[in-house]
Structure formats: structure tokens, C-alpha cells
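Read the single chain below, which is given as C-alpha cells and is the form predicted on its own.
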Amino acid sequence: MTDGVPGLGAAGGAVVPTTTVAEAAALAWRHSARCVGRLHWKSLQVVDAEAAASCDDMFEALCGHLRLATNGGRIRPVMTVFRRWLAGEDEVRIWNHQLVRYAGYDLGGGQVLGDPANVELTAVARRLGWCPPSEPGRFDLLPLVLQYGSDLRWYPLPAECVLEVPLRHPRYPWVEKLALRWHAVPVISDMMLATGTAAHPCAPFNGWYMGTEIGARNLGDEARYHQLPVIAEGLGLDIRQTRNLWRDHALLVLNEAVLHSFEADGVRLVDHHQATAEFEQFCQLEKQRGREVSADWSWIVPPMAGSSTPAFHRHFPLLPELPNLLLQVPLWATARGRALLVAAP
């Protein structure tokens, strides 16, 4: 199991005594160096799913998580904690990076239909028997790939559990014709909750989106949906040059579309200026309590207008502290995961 947990030893420096898994989960959010939304760490709702004893039980719990977190668009921070890992016992894992992800179909020649970040997971799902729609598209929901011990299965996401927001722009009607969309709740599902006394390799959690995560990264990055040239051409900008700052104009319009669409549909998210102002408030509160904030600057500073936010002008130490949320190696990249795929019917 530990071959899938990079940095577990490095994060073991300071351990904060905790009495319950719920308390550990909240503290893990407070200590998470990559998260800009930590002001709200005390609001985390923790669901105890340690009694789950099969992939079916896991799936039922995860559908419940999505319903609880979505809350009709009034997104609630939630963590669902499955059984801890003990050597020699059946491990519980979710192979998806997030519960809601869009398929990425490798068309060859460097071409991908959908989300390039999910090409490997899409191939895993197809290897297990998942079939894409008869006409594959750019925003096909991937199934959940769940593991309980040596049992590896896929489950289609029920439509009623997934809230999506179609994107449009208040000034440019043509943006709606691009048929862009994104899901409402970012449930990270492949990280480990390390309490300091136990490791829970399956503890999916969510806050709410910061707009730039969608508009600047998921839809804007060249290695993702790469929509900046499309938006720029819609604006009538010449993308053959750089001095007209076509990328900057397109980035602004795409992020305006995200903020406008989520607000119009009543779905909670935060813009990057509000998020970094809240993070500054979190830092001040921590200082008053005699605690130093550990943070990864490259994750806290937003991917647009960075220098206009307070986080840009700060320097943060990286001081690993437990409880925390730790990265894990994708299961298909481990010997254990490859063996499970080979053995799968």
C-alpha cells in the first residue's frame, strides 16, 4: 500500500493530537498546503463510511456524498471517510482523481476528444468494460472505478447526482454556442487522509470551485480543453501574434463566462480575488492563534491577475503537518493496480 503514497514519511514531522476522525479531517483541510479555501475548514461535514464492506457499499456512499455536497447548488464542504488501511487487510480505493470527471478519448497523432487529463483513466474504464456513448463527445461523464480489496468495478454516475453548468456570457451570445460546460462540485477522490495514527486511503472531499480553476485551467490550459484560441477568434483577435494580448483577453472572457453562468444557475463558487482575500483572513486568524500557515505559493496564487491579489506578495513556508491530505500514485501506475487490471474479467 505504501508504494502508492509519495511523501508519507516527509509529512510526518508534526502531529496534532486528535480525538475523532471528523476532527482529523477538519484539521487536514486546515493544514492542506495547496488549498486557498481554508478559511472555512471548521464547516466541513464528515460522513462515516467505515462500515462499507463492498464496492456496492462504496458506490452508495459516494452517491450520497454527491447529493449532500451539491445541495441544489448551495455547495457544502463534505468528506466521506472509508475504512483505514491495515497491512494484510483489504484496501479501499477510488481510482478516479475526482468523482466527476470527463472522458478523454485518444484519437492518435496527439489528438484527444474530451479532457486530455483523463486519457489514462478513460482507458482503464474501457478495459474494465465501460462503453462510451455511441457518439462520444467532449463532456462524457466517466464512471466511478472503485476497488475493495481485489474487487475492481466500474459504476455509471446517476444523472441525478451530477449537477452541471452550461457556460454562457452576459455580452457575447456566441459563447453559449460553443457548448462548454463544467460540473458543479470538485470532489477530490484519490488522496489519503493521514491522521497521524491511521491512514485512510479513501476519503473523498470537496469544497467549492474557484472560478479560475475552471476558466483558466480546466478549460483554458493548452494541455486541457485549450479554449483560449477559440474564444480569441470569437472576439475577432489575431492569434498569430502576441502583442495584442489575445490570450489575456480570451482568458478574461472565459472566466467571466464561468462566473456569470454559475451565478445565474445558483451554483456556489468563488472568484479568485475573493478567495485570496479570504485566504489572507485565514492567515491572520492563524497568526492570532500562534500558528504558522504552511502553503504552496504556486497553488495559492491564482492563474490570472496573480499580482493583484494579496497572496502574490507573501512568502509561505512548507511545513508538513499531520493530520493532512496526501497525494497517492494513480493505481494503474502501481504493480498492485496493474495486477488487478489483468485479473479483471
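All residue numbers refer to positions in the sequence shown, first residue = 1. Since the structure is predicted, the reported quantities are computational estimates derived from the model, not experimental observations.
Heads up, the form predicted together with arginine isn't pictured, but that's what we're talking about next.
**Q** Which of 188, 144, 199, 81 has a heavy atom within 4.5 Å of arginine in the predicted complex?
**A** Looking at 188, 144, 199, 81 one by one, just 188 meets the 4.5 Å heavy-atom criterion.
**Q** Would you kindly say which of 140, 91, 271, 213 lies with a heavy atom within 4.5 Å of arginine in the predicted complex?
**A** Selected residue: 213.
**Q** Going by a heavy atom distance of 4.5 Å, is residue 255 a contact of arginine in the predicted complex?
**A** No - in the predicted complex, heavy atoms of residue 255 and arginine never come within 4.5 Å of each other.
**Q** Any chance residue 98 has a heavy atom within 4.5 Å of arginine in the predicted complex?
**A** So residue 98 counts as contacting arginine.
**Q** Find out whether any non-hydrogen atom of residue 207 is located within 4.5 angstroms of arginine in the predicted complex, and reply yes or no.
**A** Yes - in the predicted complex, heavy atoms of residue 207 and arginine come within 4.5 Å of each other.
**Q** Report yes if any heavy atom of residue 218 sits within 4.5 Å of a heavy atom of arginine in the predicted complex; otherwise report no.
**A** The answer is yes: residue 218 has a heavy atom within 4.5 Å of arginine.
**Q** Choose from 180-188, 257-265, 126-134, 242-250 the stretch whose residues reach within 4.5 Å of arginine in the predicted complex, heavy atoms counted.
**A** Among the listed stretches, the partner-contacting one is 180-188.
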